[in-house]
Every structure is written in C-alpha cells, then in structure tokens.
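Quick heads-up: it's one chain on its own, the form predicted on its own, in structure tokens.
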C-alpha cells in the first residue's frame, strides 16, 4: 500500500498486512505531519444484467443527461424544472440524482434515502428505491453521500461505464423520459450517465469562461461516441441569462455562432424565484406559476417535445 504525506508529499510503501483498519492515523517521519490515511479499496468486478444492449432502438432517446464540467451553471435546477415541465405535459418522468452531493434529492425535500450504491449492494435494485414524488407524473431515484463509494469500488473495472445503463434498462418502459443530474467532474458518474443517454443538455451561462466549459464536455462526448455510445447527441442551453447585460448578449451571439444548430431556441433568464423555490424544496412552477424562468423551462419542454413554442 502506498501512503503519501499531504504536507511534504513523501511516499511510503506500507505492508498491507500491518494495517487492519480501513482508516488509520499516520505520521510522516520526514516532516512529522500527522494525517488520516486509508486502505485502498479494491476494484470489484461488476455483474451485469443486460450489458450494453438496449431492448428497443428508441430506449436511449428517452434518456437525457444534464452535464457540464463547469460548476454553477444551473445543472440541478435544469434537471428538476425541465423534469417537472415534461411531467406537466403528461409525460411520465424519472429524475435520477447521480451526484454525490445529492442536490437534486435535497431540492425535492428528501434527506434520508437510499441511493444507487445501496441499490447495488443489497438494497433491492433501482425499482425498489424509486420514490414517487408529490408532483403528478414525477418520480425520483435519489442520491446520498455513500455514492462516493461507487467510484472507489468500480471505477476502472471492466465495462464500468455501462453499469447505470444496465440497471436502468429493466425499468425504461415505465417512463417517457429519464433525466440524469451529474456532478461537475469526470470519472465514474459522468461517464456512466453519458454512456446511457440519447441527449446531453449542456447548461451554460453567458460569461467569459462558458465556451471553455462547453468545449470540455463536447470533447468528452466525442470520446464517448467512439468508445461506448455512438448515438449520443449534445444540445446547449443558455441559463441564468441577464437580458440587461451587453456582455451576456455578446457571448450569447458568440455561442450561437460557434455551435450552430446545437443551441436551444429557448433560453433561461435570471430569476430570483428559482432560488426561493430551492429554499422551499420544490420546482419553481409549483412555487410560483408566474416565474419567468419556470415558464421558460416549460417552453424548453415543449421545444424538446416538438410542440409549438407558445409559452410567453
């Protein structure tokens, strides 16, 4: 086992048999720094149910991932409020919280829940852990802090990218849409989500660093197309748009020019009611039907469904 001192970066090769506990206290003999160290978690082989094969050609089309490696771009807000807007169009929608931070779960008012980790490890699978929310046509597969163990247990295992897809396949027919919220990082969670999806929605603010964040996720999507999911397509959603800002308008025009045909016609404006709804743990249109951003998410749902964009 290799242990690295976080203070001076000195490496030590310890005999695994000398350490019995998963967490232990170590002291660096070079700088005398005391720190917590951890036994390495061995990557476990994955038992698949329906590895890599969809039951119908259209299965992936109903799976939408919300992803961007740049944080603070309204990924969770988009997942929640787009999901609710699709549900309001009489679509059966499953929201999947695939983020260790569990922000989507918290945004719907849930705290003590199982997660994908428990579902895989004696918790009865995904179907038994899906929660029916109080909103019509809207279900949640929640997350919790134990999700971090998935990355430790399975990242790097053979075909690990297909694990989420494999477990969702048996329940796909129950839903018209499955929306997956992802963390602002690559590794187990984002790679699994992108392997499962037919569409990736990339939320992006109109700020100076937006194009960099979009470029990062688009490069990853191209890699996913080659390796695990050739049918995945990306669309860009402008979020937190300030219509009074000249800079925002300039960057919006630039994004439309850089990514022709990939940007939704609908954009989501800045709206204080989004944050207020988060405090109340509910979708924004349930909090206030006059919310500008809420009505724009409803417009986005209609754009995805191919309906006339008649929402003002």
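Please read these numbers as outputs of a predicted model, since none were measured by experiment. Residue numbers count along the first chain shown, from 1.
In what follows, reference is made to the form predicted together with a small molecule, a form of this protein that is not presented.
A.B. asks: Does residue 170 reach the small molecule in the predicted bound form, with heavy atoms at most 4.5 Å apart?
C.D. replies: Residue 170 lies outside the contact set for the small molecule.
A.B. asks: Classify residue 125 as contacting or not contacting the small molecule in the predicted bound form by the rule of any non-hydrogen atom within 4.5 angstroms, answering yes or no.
C.D. replies: Taking the distances in the predicted bound form, the answer for residue 125 is no, it never comes within 4.5 Å of the small molecule.
A.B. asks: Whether residue 75 contacts the small molecule in the predicted bound form should be assessed with a 4.5 Å heavy atom distance threshold; does it?
C.D. replies: Flag for residue 75 set to yes.
A.B. asks: Could you tell me if residue 281 has a non-hydrogen atom within 4.5 Å of the small molecule in the predicted bound form?
C.D. replies: No - in the predicted bound form, heavy atoms of residue 281 and the small molecule never come within 4.5 Å of each other.
A.B. asks: The small molecule isn't shown here, but in the predicted bound form, which of 256 to 264, 242 to 250, 24 to 32, 273 to 281 has heavy atoms within 4.5 Å of it?
C.D. replies: Single hit among the candidates: 273 to 281.
A.B. asks: Given the small molecule in the predicted bound form, answer whether the residues 95, 198 and 233 all have a heavy atom inside 4.5 Å of it.
C.D. replies: Judged in the predicted bound form, none of 95, 198 and 233 sits within 4.5 Å of the small molecule.
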